[in-house]
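Coming up is one lone chain in structure tokens, specifically the form predicted alone.
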Amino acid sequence: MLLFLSKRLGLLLLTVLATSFIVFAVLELDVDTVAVKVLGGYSTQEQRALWLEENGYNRLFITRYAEWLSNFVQGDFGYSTRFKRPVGDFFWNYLGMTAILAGITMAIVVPLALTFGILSGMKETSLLDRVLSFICIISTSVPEFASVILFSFIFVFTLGILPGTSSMIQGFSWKELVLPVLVLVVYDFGYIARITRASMVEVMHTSYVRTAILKGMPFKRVVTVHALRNALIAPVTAIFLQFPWLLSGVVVVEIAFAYKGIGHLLLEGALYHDISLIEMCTVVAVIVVVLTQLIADIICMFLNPRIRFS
């Protein structure tokens, strides 16, 4: 088990390193483009050459990457040309806001999706299965931007019970989180529920489950003791795959509701060509992805003991 985890951790670290190299190469390999993005299109060639010399861009690319990586590991994430201060001074606050949004979303999505999927898979083709599957398909088919418009029309402009923005100008407000969380939950839970249903249906048709039912074991015990544990392997993987989606999906939601999170930062960095900010957002997103996949592997190892020794 320790050998398996060490191999997985080594592979994930290699993934982060390779991704950081690609991101750095894409954004900073062409030094002339970097100078234009920082100084602006109206800067002269002499100004750009002077700036490149002062900031060490005339050195070898691999030397600049090694220095950037060393600074990143030590907590120096560069200077934001958009916000006119070091990235580390404000990035973690934005990341924390996105973590709150994602955490609340997953806390609602996971039990809701697993319940829907398990109930549907237990009684395939039943009326309950058809109703729940219809709800899941509808929710998954509606994109985030459409849900933003629909829910804003209902709860903001028609009923007037929720604020239309979530900028937290007057401090943190749970009420301002309702619409962003609702949009993400509605879009996300249907996918996980469908995965859970498919896995549950497959397990319910296995020979050991049918044998247990034919021997007279109570159906509830068959599901909770024998079927559920194996059926959860695929949903667990799907659940942790939603964290990378949340990092990209929140861009639409955060911009629509003026929510100050990492999605908002990423868009700001892209619009204003803020290289350090884009690098920080991208690398942190990759770290989140690899960490969640490592956690998913560990959980699957406990759900299925054969994985530990394979």
Partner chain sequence: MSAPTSSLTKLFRILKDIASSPFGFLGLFLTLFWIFVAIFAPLLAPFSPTELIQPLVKPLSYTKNGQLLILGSDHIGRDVLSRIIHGTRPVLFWSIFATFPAYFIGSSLGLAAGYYKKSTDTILSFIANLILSFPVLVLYLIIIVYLGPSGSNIVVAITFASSPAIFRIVRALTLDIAGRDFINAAQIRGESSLYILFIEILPNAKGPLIVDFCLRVGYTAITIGVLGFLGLGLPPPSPDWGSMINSGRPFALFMPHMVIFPCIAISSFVLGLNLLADEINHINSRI
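Note that the coordinates shown come from a computational prediction; the quantities given were computed from them, not determined experimentally. Numbering follows the first chain given and starts at 1.
The discussion below concerns the form predicted together with the partner chain, not included here.
Stretch-level contact check against the partner chain in the predicted bound form with heavy atoms at 4.5 Å: of 112 to 120, 172 to 180, 82 to 90, 153 to 161, the positive one is 153 to 161. Although the partner is absent here, Val36 sits far enough away that none of its heavy atoms falls within 4.5 Å of the partner chain in the predicted bound form. Of the heavy atoms in Val252, some are within 4.5 Å of the partner chain in the predicted bound form.
Under a 4.5 angstroms non-hydrogen atom cutoff, the partner chain in the predicted bound form lacks Ala107 among its neighbouring residues. Using a 4.5 angstroms threshold between heavy atoms, Ala18 counts as touching the partner chain in the predicted bound form. Remark: all three candidate residues (Val23, Ile138 and Val286) come within 4.5 Å of the partner chain in the predicted bound form, counting heavy atoms only. If you take 112 to 143 and check each residue for a heavy atom within 4.5 Å of the partner chain in the predicted bound form, you get Glu124, Arg130, Phe134, Ile137, Ile138, Thr140, Ser141, Val142, Pro143, in sequence order.
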